[in-house]
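Next up is one chain by itself, shown in structure tokens, the form predicted alone.
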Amino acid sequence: MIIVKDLHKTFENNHVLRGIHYHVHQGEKIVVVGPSGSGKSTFLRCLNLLETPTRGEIWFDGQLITDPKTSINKVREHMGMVFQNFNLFNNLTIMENITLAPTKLKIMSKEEASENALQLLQRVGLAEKADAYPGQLSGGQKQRIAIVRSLAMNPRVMLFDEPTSALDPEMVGEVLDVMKGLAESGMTMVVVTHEMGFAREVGTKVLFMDEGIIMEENEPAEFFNHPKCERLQEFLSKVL
């Protein structure tokens, strides 16, 4: 579904991504871990061109999205993105936040979008918050709404950029539970996270990034129990 070829990203003199090659297949749950500053979030943000690659190719669903002729906004309709800090519109109700994109882009009528939003809110246990405003919600509830807002577009893949790192520890579980449910439903996911338990339980593959490259990738059991590269062994000894 996603093919990354020789991906480089430079910010002035800082070479953040140094030639990444990777394939994401339909239905896979790719979990990306690594120390701060290793390029994880930049890699994720390049996948939907929130960061423009300095060099390399990214293909999504057979389309070369790094081609300047590609309408990236059209592509993004099929790629849901969930950020650390929710990025909800504080002046809109929860229902308005969720229905804004599908109705504005004429993907659904207002009625269809509202019905769809209500079903999604029920799925994450927040149907009673439809008329509330983001300021009235806890961090965990806001993040669940942010996930629902992305799902309202019926995306083919979901990208998560450290979705729990801005949350109080007791709220992390409720967001991870929604993500686990999403994984079980067959959604293709790429998740940058510090939650090793989630990586072990939900990932089909776990990638370890450091210094702008993928140093190791494996299935979770092998990745955590038999890390091969010394840098990953050192990293896991600190975080587990």
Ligand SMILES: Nc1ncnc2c1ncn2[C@@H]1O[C@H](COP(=O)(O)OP(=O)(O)O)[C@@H](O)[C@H]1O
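Counting begins at 1, following the sequence as shown. Computed from a predicted structure; not experimentally measured.
Keep in mind the form predicted together with the ligand is missing from the figure; the text below concerns it.
Sort through 172-180, 32-40, 196-204, 53-61 and report the only stretch with a non-hydrogen atom within 4.5 Å of the ligand in the model of the complex. Partner-contacting stretch among the options: 32-40.
Quick check on Val16: any heavy atom within 4.5 Å of the ligand in the model of the complex? The answer is yes: Val16 has a heavy atom within 4.5 Å of the ligand.
If you look in the model of the complex, which residues in 106-145 sit within 4.5 Å of the ligand (heavy atoms)? Nothing in this stretch is in contact.
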